[in-house]
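Here you get one chain, nothing else, as structure tokens; it is the form predicted alone.
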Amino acid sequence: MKAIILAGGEATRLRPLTHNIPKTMVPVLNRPFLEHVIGYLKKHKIVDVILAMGQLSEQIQDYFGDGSEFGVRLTYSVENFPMGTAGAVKIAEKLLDESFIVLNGDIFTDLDLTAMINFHRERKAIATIALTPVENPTTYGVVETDGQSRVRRFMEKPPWDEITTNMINAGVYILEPDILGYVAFNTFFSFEHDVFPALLEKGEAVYGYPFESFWIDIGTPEKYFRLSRDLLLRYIGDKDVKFEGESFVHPSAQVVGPAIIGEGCFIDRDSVIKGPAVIGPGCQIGQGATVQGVVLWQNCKVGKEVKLRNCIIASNCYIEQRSEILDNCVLGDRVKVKEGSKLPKGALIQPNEVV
């Protein structure tokens, strides 16, 4: 069975992190998010993967190549303009001659994909939609099913007084090729708004597959930050520190896990790194600096006596000495923070700015 990862689409809510990088290439534990998704598919023996891509697609192709280094076979399908979730899949229709999987490229999940495939085949469904419960379904696409898990109706971001279930569309589908007959060529088409409702009107067999295992999208900096922390605790443990290559750590410096330190880092005297923390390759942590609960991308320079806490800092940033960047701040790449600056909590700094 083949899988299509929808790696294009807008990433405006993830700004300023995605100004110069596709959202699927945002680093999670110092690896592109898309690499984690491909690894997930491989665990379920899905090795034929189509990447449906839009803008900045060259970065994805340059990194992943033909997929052999990652144990999969990659095919690229590039849209020249936004086509929607179904429109992007329609471009690759000639490659799809049997049941196939579609995944939104901004979600991470522990969904048992193998069990979902078996469910789809047993029901002889034309479409099976993964459903997961959320506390606030008013910001999602809600899916109502009957007692046999057959979909009855879709509600997009309904108000509380119309909600009959907290199960939402989780962005993972098992589909039959016939479904693409409902999608027009060279037209913006969405599975969620255009195709699935049309299938219900025709009486087609559309099922929901409920699950309660881990699921999160990385559509905002807050969710991206949470995913980084959750996976760090999962893979590293509560107190462990993982060095991904050779780095220099001064004997007087403290590194308290959970933490990942990328290759080629320099951690100067009397500095403190407290987990959960992800430090990208090539970063420099200056003398007496305190770095706590951060995600730091590659090649960042943190000056003397700087304080970083619960923030995200993209690549190639320069934080001059005695600056403070605290709770929920997000810096795009190549930002320079001048000596002694104190950014307000929750500040979003666009790439290349000087503050």
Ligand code: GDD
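All figures in this text were calculated on a predicted structure; none of them were measured in a lab. All residue numbers refer to positions in the sequence shown, first residue = 1.
Although not depicted, the form predicted in complex with the named molecule is the subject of the following passage.
Engineer: Which residue, Ala253, Met83, Val151, Leu232, has a heavy atom that falls within 4.5 Å of the named molecule in the predicted bound form?
Structural biologist: Looking at the other structure, the residue within range turns out to be Met83.
Engineer: To verify the annotation, which of these, Tyr140, Tyr182, Phe100, Phe225, has a non-hydrogen atom within 4.5 Å of the named molecule in the predicted bound form?
Structural biologist: Contact residue from the list: Tyr140.
Engineer: Is there a heavy atom of Ala88 lying 4.5 Å or less from a heavy atom of the named molecule in the predicted bound form?
Structural biologist: Taking the distances in the predicted bound form, the answer for Ala88 is yes, it comes within 4.5 Å of the named molecule.
Engineer: Report yes if any heavy atom of Leu199 sits within 4.5 Å of a heavy atom of the named molecule in the predicted bound form; otherwise report no.
Structural biologist: It does not: once the named molecule is placed as it appears in the predicted bound form, Leu199 has no heavy atom within 4.5 Å of it.
Engineer: According to a 4.5 angstroms non-hydrogen atom cut-off, is Tyr173 in contact with the named molecule in the predicted bound form?
Structural biologist: Answer yes; at least one heavy atom of Tyr173 falls within 4.5 Å of the named molecule in the predicted bound form.
Engineer: Does the 4.5 Å heavy atom contact test between Gly275 and the named molecule in the predicted bound form come out positive?
Structural biologist: Residue-level check for Gly275: no, no contact with the named molecule.
Engineer: When the named molecule is placed as it is in the predicted bound form, which of 213-221, 120-128, 258-266, 199-207 ends up with heavy atoms within 4.5 Å of it?
Structural biologist: In the other structure, the partner sits against 213-221.
Engineer: Using a 4.5 Å cut-off on heavy atoms, what residues in 255-281 are near the named molecule in the predicted bound form?
Structural biologist: Heavy-atom contacts within 4.5 Å come from no residue here.
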